[in-house]
Ligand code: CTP
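The chain below stands alone and is given in structure tokens; this is the form predicted on its own.
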Amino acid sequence: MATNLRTIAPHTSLPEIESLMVTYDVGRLPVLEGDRLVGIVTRTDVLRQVGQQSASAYRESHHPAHLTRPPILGNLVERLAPQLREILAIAAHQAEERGWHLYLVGGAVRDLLLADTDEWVIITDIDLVVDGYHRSADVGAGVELARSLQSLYPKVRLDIHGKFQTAALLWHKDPIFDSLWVDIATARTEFYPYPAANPEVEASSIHQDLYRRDFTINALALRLTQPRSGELLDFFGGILDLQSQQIRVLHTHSFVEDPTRIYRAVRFAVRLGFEIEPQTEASIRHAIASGIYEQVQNRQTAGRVSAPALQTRLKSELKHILQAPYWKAALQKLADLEALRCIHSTLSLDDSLAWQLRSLDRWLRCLDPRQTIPHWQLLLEGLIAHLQPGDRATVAQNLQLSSESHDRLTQLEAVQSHLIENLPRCDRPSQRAKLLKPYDFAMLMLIAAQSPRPTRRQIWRYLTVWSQIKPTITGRELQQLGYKPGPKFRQILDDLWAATLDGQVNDRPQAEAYLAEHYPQQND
């Protein structure tokens, strides 16, 4: 601690900062705006800035091929489709009128840098950050800008999340934008009051906003406002990590603060074909080995319910992974890192579970090509179903799955045992079909994935053949034949369906003959 403190102002130049640090041998200089502390500059900040300037000068004089890719030297915005460039230009103009800076940040910048195509790039999820920190005390700058854009696009839906100072503009099947999501936030910093909690946020600068992000390749920003429109901000070496194709975390305790970042790291690595940087992987393994996730799952501290905050984000990451074409490789990587323990401490991807999930995926693609039920959700249920029966309902509840999913996982053991025991006792197709008919498609899929081959065969036969067979006479036609609706009406139709399944009835005359024999009408 020091009483004779050296401070700087937001407008202090880099040479002045260097001089103060050298003269007074200090490594940190608080930034004061009036009597208000607004930030801090460290030796690392100075070294990074000096290094970037030196690298820029070197590039301009040497132009090595691996550092002079057109996306880095040119204006990346020009690579976007015209309709996207238009809305970004309008948003930038609106920000300039208010004296703010506006940045395109995160994944959109990353994907623009990675795009190796001469065609326009289409991005459906855009993140914008308003930096009004030194020009306005209004922490709601992002929301204000979103409202301004909504007035120009009245058909767009506006969602506001005041706690996090963010707003979202959503177009759905729009003739110009198709489906587009634009998040607009005020530049902010955040901290986690305890592991796996939701972060607490406060307004800050674009530098701090990027510093709070997860990985270097997601901590890139492209300036949209004048002056220096098109300037690429890379404070943490994200471009070098893109070039070396690696996922590197920004903070050493990042995975303790939010374990879902492990799933994000794996998702980006598999999706982009990157490797997880060795130190980052070591941080992942250290966080998992610490047991912090088991503690979060199993306890609630006074006034701090941390598990729901974790599980909500975990479910979102699982959805992203399981609905992607690369889900098998991502799950395998998570298993290699022992990260499935974030779902439950005993969950691992053994050969049996891997086969069950592949089988479930094949059946879903074959039997439900239109995805009448979300395939990612049933794959997640398949993961949970590998746990001990007593743990399934708890995990389903923690992940806030639907009541239907919760009920299936709760009843799965009893239904599976019932079918495995009774299907071999059935002699005719109709008997097997009646045994399987009470259970919905999703339940039968889960049971098939976990059951021995004879049971799977019967379920497959039911789903592909027996359930598609209809009686040759409908209920309306039965009434036309003179049968009156009543207690026996349903029984007649069921028996006619069973006779059709068993091959006793194949056409209309045979159906009428069956009815005459088994359900003769009484003459009044």
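None of the values given here were measured: they were computed from a predicted structure. One rule holds for the numbers: they count along the sequence shown, beginning at 1.
Just so it is clear, the following notes concern the form predicted together with cytidine-5'-triphosphate (CTP), a form of the same protein that is not shown.
Residue 110 is the only one of 110, 341, 223, 248 with a heavy atom lying within 4.5 Å of cytidine-5'-triphosphate (CTP) in the predicted complex. Residue 264 is the only one of 406, 315, 264, 328 with a heavy atom lying within 4.5 Å of cytidine-5'-triphosphate (CTP) in the predicted complex.
Although the partner is absent here, residue 391 lies well away from cytidine-5'-triphosphate (CTP) in the predicted complex, with no heavy atom inside 4.5 Å. At a distance threshold of 4.5 angstroms between non-hydrogen atoms, residue 375 is out of contact with cytidine-5'-triphosphate (CTP) in the predicted complex.
Using a 4.5 angstroms limit between non-hydrogen atoms, residue 106 touches cytidine-5'-triphosphate (CTP) in the predicted complex. Though the partner is left out of this view, residue 260 does reach within 4.5 Å of cytidine-5'-triphosphate (CTP) in the predicted complex, counting heavy atoms only.
Using a 4.5 angstroms heavy atom cutoff to cytidine-5'-triphosphate (CTP) in the predicted complex, none of 358, 361 and 460 count as contacting. With cytidine-5'-triphosphate (CTP) left out of view, the stretch that reaches within 4.5 Å of it through heavy atoms in the predicted complex is, among 230-238, 213-221, 149-157, 89-97, 213-221.
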